[in-house]
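Take a look at this one chain, the form predicted on its own, written out in structure tokens.
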């Protein structure tokens, strides 16, 4: 090291400073590249730092989930696809008995997605156990998924009138299905109201109606993660609200929640949804660093089995990378590696490639700093 510094002194400090300047410019450009929307792909080679930690290349990242699917849920999904409803029913019976509403809505989301494609197993469940609260919940949520499947994922100008007609017709049906699920629900269960938020978003409930729905929900579960994520989407500028309404909603959620509830993720999500700048400077402000610090503390206090914990870790990895807090970023990347269906990656055309690009950037920066 002493010899190296002697050589550098001979070469000249000015040259060193110029080199550092351009190195920083390259690193910042790489960190900010996600904003430019480029989907160019190059041949990928797993860096030595990533290989040493057992991290995976893009082609081995799971792009369907943000984290490993719990074994009981994976078994219920597989059984449902094979026509057997009983493992799913058992899951809903169990979450009702222990009043685990986070897991209940997570299970509902996964199984409703299956039913939207083929509901043969759900019809059998409904016939065998008439007015079953779990079956009613899955039916309501699957109707929402079916509506969005009919609409398709393209922008309005590329969506046909027939698609829109089917979308609104089926969404209106989902409103009735959610009302039935709420009437049949186990006491204290917010799940039917969580699902209805997506009906509200699609049909364009007026803000006053959303406020009514929100009160019903938070009277039962004031700090439910999926509920807040869904409602934040409703209040975003791109849907039924505005940037101010979304940021205010997120700030209230974070301020009023107990540590470990993961509510501190929502100011970061509100920022992400409305940040239209073409540089990462808006992500490096003292306020943003403070928001990231709060989310780190929240994550550390959360139940390791929380079904949404990995989603917050993905978001933290992203912002820590942008803030040049690379060692902390690497730790979050390491904990979620292998699963990339989460914000911010899922807003990109190639989720796995974007995840690995920023992960590898933080790995390289952290190694260079040590």
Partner chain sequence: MGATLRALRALLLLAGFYLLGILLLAALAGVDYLLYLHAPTSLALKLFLVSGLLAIPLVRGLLMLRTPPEEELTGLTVTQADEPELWRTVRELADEVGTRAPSRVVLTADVNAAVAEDARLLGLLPGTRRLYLGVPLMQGLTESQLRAVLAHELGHYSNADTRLAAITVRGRAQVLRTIEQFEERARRTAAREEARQEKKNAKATAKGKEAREVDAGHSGITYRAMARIYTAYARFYFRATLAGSRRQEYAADAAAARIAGRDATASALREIPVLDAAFGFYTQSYATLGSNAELLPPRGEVLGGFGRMLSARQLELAGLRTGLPTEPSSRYDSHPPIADRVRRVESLAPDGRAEEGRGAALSLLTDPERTLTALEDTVLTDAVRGFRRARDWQELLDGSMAEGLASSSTPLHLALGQYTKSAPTLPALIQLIDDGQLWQLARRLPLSEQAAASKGRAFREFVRPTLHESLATMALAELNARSLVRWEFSWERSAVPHLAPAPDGTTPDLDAVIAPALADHPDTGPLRALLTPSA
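Keep in mind the model is a prediction, meaning the values are calculated, not measured. Positions refer to the first chain, counted from 1.
Just so you know, the form predicted together with its partner chain exists too; it's not on screen, but the next bit is about it.
Student: Within 4.5 Å, heavy atoms only, one stretch in 200-208, 74-82, 226-234, 123-131 touches its partner chain in the predicted bound form. Which?
Tutor: Only one stretch passes the 4.5 Å heavy-atom test: 123-131.
Student: State the residue from 213, 257, 170, 185 whose non-hydrogen atoms include one within 4.5 Å of its partner chain in the predicted bound form.
Tutor: So the residue touching its partner chain in the predicted bound form, by this definition, is 170.
Student: Considering non-hydrogen atoms and a 4.5 Å limit, which listed residue (288, 245, 146, 89) is close to its partner chain in the predicted bound form?
Tutor: The residue from 288, 245, 146, 89 that makes the contact is 146.
Student: Can any non-hydrogen atom of residue 279 be found within 4.5 angstroms of its partner chain in the predicted bound form?
Tutor: No - in the predicted bound form, heavy atoms of residue 279 and its partner chain never come within 4.5 Å of each other.
Student: Contact between residue 142 and its partner chain in the predicted bound form at 4.5 Å, heavy atoms?
Tutor: Because a heavy atom of residue 142 falls inside 4.5 Å of its partner chain in the predicted bound form, the answer is yes.
Student: With the partner left out of view, is residue 176 within 4.5 angstroms of its partner chain in the predicted bound form by any non-hydrogen atom?
Tutor: No, no contact at 4.5 Å.
Student: Heavy atom to heavy atom, is residue 165 within 4.5 Å of its partner chain in the predicted bound form?
Tutor: Residue-level check for residue 165: yes, a contact with its partner chain.
Student: Could you list which residues of 147-162 come within 4.5 Å of its partner chain in the predicted bound form, counting heavy atoms only?
Tutor: 150, 160, 162, in sequence order.
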